[in-house]
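Next up: just one chain, as structure tokens, the form predicted on its own.
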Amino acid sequence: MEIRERLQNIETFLRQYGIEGEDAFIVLTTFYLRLHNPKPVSKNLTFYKGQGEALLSKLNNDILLIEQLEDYISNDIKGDSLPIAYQYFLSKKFRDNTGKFFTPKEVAEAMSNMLNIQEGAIVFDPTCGGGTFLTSVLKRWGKSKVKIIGNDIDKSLVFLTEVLLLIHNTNKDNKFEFHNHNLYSDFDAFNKLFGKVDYILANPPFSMQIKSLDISSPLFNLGYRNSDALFIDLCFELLKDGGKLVCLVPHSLVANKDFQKFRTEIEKRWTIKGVFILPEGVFNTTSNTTTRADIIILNKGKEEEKSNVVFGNISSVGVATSQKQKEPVENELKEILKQSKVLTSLN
């Protein structure tokens, strides 16, 4: 049975109790928390778990529903399908006017592979969404120690991210930090991180208009008054000298003539390590949109020695880019990153 069929069955049962949308997602996620019983890092997780337990207390006598939940989790012990469940139960809330799209796991894993493992590194996703990037980082670091920081404007997404990270964590020395701030207005909340972050890995909201700022932003001052420009300037403040930004941006920033000054300004303060042009429809399976995105890899500051820039025009990333694609899709991005000369140039 497909994941969405299982979710549909659970949804049907929960509706009999008037439990829908976010509450339905919380019930399912609380079942995972019962199984793994991780120690909460944030008050946010404690709050949602309490809410989930209160809802579940109404359902304990429904044997068929409990069996549905147990069956679902038995096929997904580590919760890898929770981002899919989130989208299933909260799709309208997630997509309406947010500029956000969940990143396919295949793309997130490839982007995390562009980071060089450093013991004790600080990795930050300022718009963590469903936690796909940070979960990929946790898996990549393995036995090496890492501090992972996640932030999102949506509390339920921060909850999802924390759940996934705690379920997947196998190193007691790892540290986690979770925030619930608007990246584009609550600037003071991130002051303590300025100049301290080793890596930023993210898929920020695309092309949201920003009317005014309380901080200095060279790109904003050039007239690029959108979330993409502000995000890159904020990352510059957050990263250490030499720190790395790996993020998705609208294809127009990389390709359109209108953004030539944008690209010139970036070259003044960053070292461009790589650009990967992704195929149209890369968000089709996760968000049913043809929005086109590219990956940019930037190091903070200008390097003394000139290095080669990796440029790739990727035709496939391991996920279907249209509804017509049914056969398994080749992951050209993953294959390219297996080449040692590519990884050396990116680091």
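In case it trips you up, residue 1 is the first one in the sequence shown, and so on. Please read these numbers as outputs of a predicted model, since none were measured by experiment.
The same protein also exists as the form predicted in complex with a small molecule; that form is not shown, yet it is the one meant from here on.
Problem - Non-hydrogen atom contact Asn182 with the small molecule in the predicted complex at 4.5 angstroms - result: Asn182 belongs to the contact set for the small molecule.
Practice task
Please run the contact check for Asn151 against the small molecule in the predicted complex: heavy atoms, 4.5 angstroms, yes or no?
Solution key: Answer yes; at least one heavy atom of Asn151 falls within 4.5 Å of the small molecule in the predicted complex.
Problem - Close approach of Thr135 to the small molecule in the predicted complex, 4.5 Å, heavy atom - result: No, Thr135 is distant from the partner.
Exercise for the section: Flag Ile200 as yes or no: does it have a non-hydrogen atom within 4.5 angstroms of any non-hydrogen atom of the small molecule in the predicted complex? Expected result: Ile200 lies outside the contact set for the small molecule.
Handout entry: the small molecule in the predicted complex: contacting segment from 167 to 175, 119 to 127, 265 to 273, 239 to 247, heavy atom within 4.5 Å
Key = The contacting stretch is 119 to 127.
Practice task
Heavy atom within 4.5 Å of the small molecule in the predicted complex: which of Phe101, Trp141, Tyr224, Phe89 fits that? Just give me the one.
Solution key: When the small molecule is considered in the predicted complex, the option within 4.5 Å is Phe101.
Exercise for the section: Just give me the single entry in Val163, Ala85, Ala110, Leu157 that has a non-hydrogen atom within 4.5 angstroms of the small molecule in the predicted complex. Expected result: Contact check passes for Leu157.
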